[in-house]
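Let's start with one chain on its own, the form predicted alone, as C-alpha cells.
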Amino acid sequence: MNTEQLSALFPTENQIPGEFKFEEPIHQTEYLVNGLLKNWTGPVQAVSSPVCVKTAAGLVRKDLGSYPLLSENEVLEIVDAAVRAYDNGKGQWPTMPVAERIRKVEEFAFQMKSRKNEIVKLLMWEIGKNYPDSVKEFDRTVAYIHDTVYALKELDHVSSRFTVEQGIIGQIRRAPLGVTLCMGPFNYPLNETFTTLIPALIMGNTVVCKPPKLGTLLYRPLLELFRDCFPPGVINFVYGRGSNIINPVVSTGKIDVLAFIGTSKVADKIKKQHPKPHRLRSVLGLDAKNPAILLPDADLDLAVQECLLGTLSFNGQRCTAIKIIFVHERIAEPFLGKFTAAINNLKVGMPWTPDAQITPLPEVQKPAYLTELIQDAIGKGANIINEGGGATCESLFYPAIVYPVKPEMKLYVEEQFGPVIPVIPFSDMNTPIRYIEESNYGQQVSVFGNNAAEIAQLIDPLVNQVSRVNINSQCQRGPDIFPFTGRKDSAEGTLSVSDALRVFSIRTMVAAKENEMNKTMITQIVRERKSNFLSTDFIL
C-alpha cells in the first residue's frame, strides 16, 4: 500500500454512513464542580478528529468542537470542592454506608447505558478506534462497574464480623484515603479512566477527574449523570492542558491519591509537585516495551496470529501491546514470511469501515515520529520487509515490520506506541533474557514454544522481571479479575477488580478490650445501627 492508496481511503462528507455522521461540532462550555454544571466563557481547546475528509482544499481533519481551558482559579475551586466533600473523612460520602455507595454507583451504571451510542460514536471520531472496539470498550466499562460492585460486596462480607484475639475485640474494615486525582490515557479514554475512577469513588474517596487530552468530549454526555447520581463535590471534572492545570492541583498538597495512566516521565513530574510526596499514594500505569520470544519449536501459525493481535490491535497503541519480537534464527525466515502475509491481509480504513483493523492515528505528531524511528533503523542496517510498510498519508500509517533490529537502534529501546514492529533474530536464549533484565520496563512478556521443560526454565526467572508471563498468547490486561501491574518504570500499585478496591483504601480497625462494658456498648452500637463503619450488615 502506498500514499495514494491510503489517501483514497479518506471519505468525502457524503461517503460517511448516516449512522456515523458527525453533523454538528460539540462546543462544550460546561464543567462539573460541587454538583453544578458551571458555564465557561473563556479560552477553549479545539478538537479535531484523526479522520480526514476530502474537500475542495484537500484532506481536512473533521472539526469535532471544543472544550474549556480552565484558568487556575477554576482549577483551585474544583480541588476545594472535592476537599469540602471529603471534609477530612467527615463528609457525607466517606461516612456513607457501603450499601448506599454501591446503590449510587449502580444507578450511575444503569443511567450510563442510555448514553452508549453517543459515547461509542465519540470514541470513533475522537481517537479513531474502530466501531467493534469502541462498542467493546463501552460494554467492558459497564461490566467493570458491575464486577467492582460484586467484588466490594465480597470484600465487605469478609469484613462484617468481629475478631477476638488476646483479649481484644476488633473489627477490621477498609476506609477511604481522601481526595483522588484521576487521569486516564487517550487509547482507552473511557475504560482505563474508569478502572481508577470507579474504585476510588465506591471506596468513599472524592475525585477530581481530568479527561484524556484525546477523548475529552466523550465525557460530556456523562457529566449530568455524575451530577445527579452523586452528592455535590464527590466527583468533579477539570479541563485544560495538563502542564497548566495539574501543577496547581497537585502543588496545593490537597491531593491524597494520584491515579495516573501515561508515561513515567510525566508521572515523575506530577509527583514532584506535591509538597509532601511521602503522603501521596500513587496508582500508576506507565510505559512498557513488552517482548515476544519465539522459541525454535514454536507453533508458527499460532505465534503469527497472537503476535498480529499483540502488535497491531488498535494500531499497537496499547501499553500491553507486543512492542518487540525476538525470534530464534532457525524459524526467523518462515515466521517473517507468514507474519508479512498476515499483515498484508489486514484491512485499512475508517473507524466505521467493516473489518478495518488499521485506522487513523489520533496523535498528530505520531506518523512523523514513527517514520523517524524507521529511518534511524534503516540507517543502521535494518530493512522494512513488508511491502508498503511505513507508507503514510495524514493520520494513516501502514504497519511496518523492521528487521533485523539491533541494540544501537532507537526501536530497540523506545516504546513506539504505534504500528511499527521491530524483530530481532537470536541464537542464544541469553539475548532476549538480557534484554528484559536490562530494560527500564517490566510489564509483560509473551513466550511461544512447545517444550514444557524449556518453558518452565524460562518462567522462573521471567516472573522476577515482569508481572505477567503469557504462554503462547499475546500480552494483555484482561480478564479484569487478574492483577494488572508492572515492575521497574512500568507501574506503581496493582489494578484489577479486587486489587483496585484495596489500592484506593486503607485497612482501618476499631478495637476494645474484651470486658462486659465494652461488649455491651459494641452490641448496642451494632444492633441499633448507630455507626456506618462498625456494622455486621450483610450486603446482598
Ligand code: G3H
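Throughout, we count residues from 1 along the sequence that is shown. Since we're looking at a predicted model, the values are computed, not measured.
Only in words, not in the display: the form predicted together with this ligand, which the text now covers.
Taking the partner from elsewhere, C319 is found to have a heavy atom lying within 4.5 Å of this ligand in the model of the complex. Mapping the unseen interface onto this chain, N187 counts among the residues with a heavy atom inside 4.5 Å of this ligand in the model of the complex. Put simply, G42 is far from this ligand in the model of the complex: not one heavy atom of it is within 4.5 Å. By the criterion of a heavy atom within 4.5 Å, S66 is excluded from the residues contacting this ligand in the model of the complex. A heavy atom within 4.5 Å of this ligand in the model of the complex is found for one listed residue only; from S490, S505, Q476, Q28, this is Q476. Contact with this ligand in the model of the complex, defined as a heavy atom within 4.5 Å, holds for exactly one of R140, H146, K338, R84, namely R140. In summary, the region of this chain contacting this ligand in the model of the complex, judged by heavy atoms within 4.5 Å and restricted to 163-171, 87-95, 299-307, 319-327, corresponds to 319-327.
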